[in-house]
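The chain below stands alone and is given as structure tokens, in the form predicted on its own.
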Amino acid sequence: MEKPIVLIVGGVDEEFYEILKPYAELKEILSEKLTEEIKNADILVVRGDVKVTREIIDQAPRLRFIARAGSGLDNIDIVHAEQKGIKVINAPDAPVDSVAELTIGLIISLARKIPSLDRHVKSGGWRGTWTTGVELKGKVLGIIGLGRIGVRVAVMAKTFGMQIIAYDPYIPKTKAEQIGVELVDDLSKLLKMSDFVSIHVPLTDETRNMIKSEELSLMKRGAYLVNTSRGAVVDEKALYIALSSRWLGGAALDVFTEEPPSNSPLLKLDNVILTPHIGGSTLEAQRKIAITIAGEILSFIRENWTELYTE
């Protein structure tokens, strides 16, 4: 029996190959080759920057399984895939610690102006009135989305003495209480109360542009916004106005509506920290992702290509 063909776009940790190479033909390609190669694939593995559209799925008569090497699924037309009998999975738990740690790092960087001060010293500057930052202790951190990553951020932020509030209409208050978080029933309330706001929601029709001019105007003057979820959750034009007018003290973004954000006016501002969608880009997270999706694929092969699998 022929081995299933696993098409890998963007690369995964070596652990993935070690687990699957006895049971599948593993073929790594560049994203621009996807439409050409997809017609022969049984299983597809992609990262977040690869769009698996309806058109691509329709060009893949053999495709039966799509694995997203990461936590989100907004780059895959899940509805159309499932209508065609294609199973879609991801690895939502694997990057939790890495994304949460980046979030905390960005919060600290905003509070102490670390990137600006680094550039200032390297250009020959030294201390001045503008170099004074703020402590995290006693500040209110508002978390939008109390899922896996939001919970981890809350637990970590509490060690700095921050007061944590959260908005998530899908989470029971008992869950929030278990980790010492006050759950508020209205987003506007969270925005008005918070010194720092951190976003941890998936991109859906409901969350797209959920932070617009109106929401930003509700935030405290001088407050900070951090987004390590999905770029399109925040209206970037409105954010630019809030930052350039100094209504907000600063923002830190790991994600953007368009990636990379080559034409974004945010690139010109000195009170915004921008990172290249690296939330899950740690050695540990990538290994966890590889093991998770390889295990799912191996189970699928075991069920559907039984002759290839031996104990």
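What you see is a predicted model; the values in this text were computed from it and never measured. All residue numbers refer to positions in the sequence shown, first residue = 1.
The form predicted together with nicotinamide-adenine-dinucleotide is left out here; the points below concern that form.
None of 244-252, 32-40, 278-286, 46-54 except one has non-hydrogen atoms within 4.5 angstroms of nicotinamide-adenine-dinucleotide in the model of the complex; the exception is 278-286.
Residue contact check for S109: none of its heavy atoms lie within 4.5 Å of nicotinamide-adenine-dinucleotide in the model of the complex. The closest heavy atom approach of T207 to nicotinamide-adenine-dinucleotide in the model of the complex falls within 4.5 Å. Although the partner is absent here, L146 lies within 4.5 Å of nicotinamide-adenine-dinucleotide in the model of the complex, judged by heavy atoms. Interface residue remark: G142 is not counted as part of the site for nicotinamide-adenine-dinucleotide in the model of the complex, having no heavy atom within 4.5 Å. The partner is absent here; in the model of the complex, the one residue of I179, V134, L203, I114 having a heavy atom within 4.5 Å of nicotinamide-adenine-dinucleotide is L203. Proximity to nicotinamide-adenine-dinucleotide in the model of the complex, taken as a non-hydrogen atom within 4.5 angstroms, holds for one residue of G222, G128, G161, P169, which is P169.
If you take 53-72 and check each residue for a heavy atom within 4.5 Å of nicotinamide-adenine-dinucleotide in the model of the complex, you get S71, G72, in sequence order.
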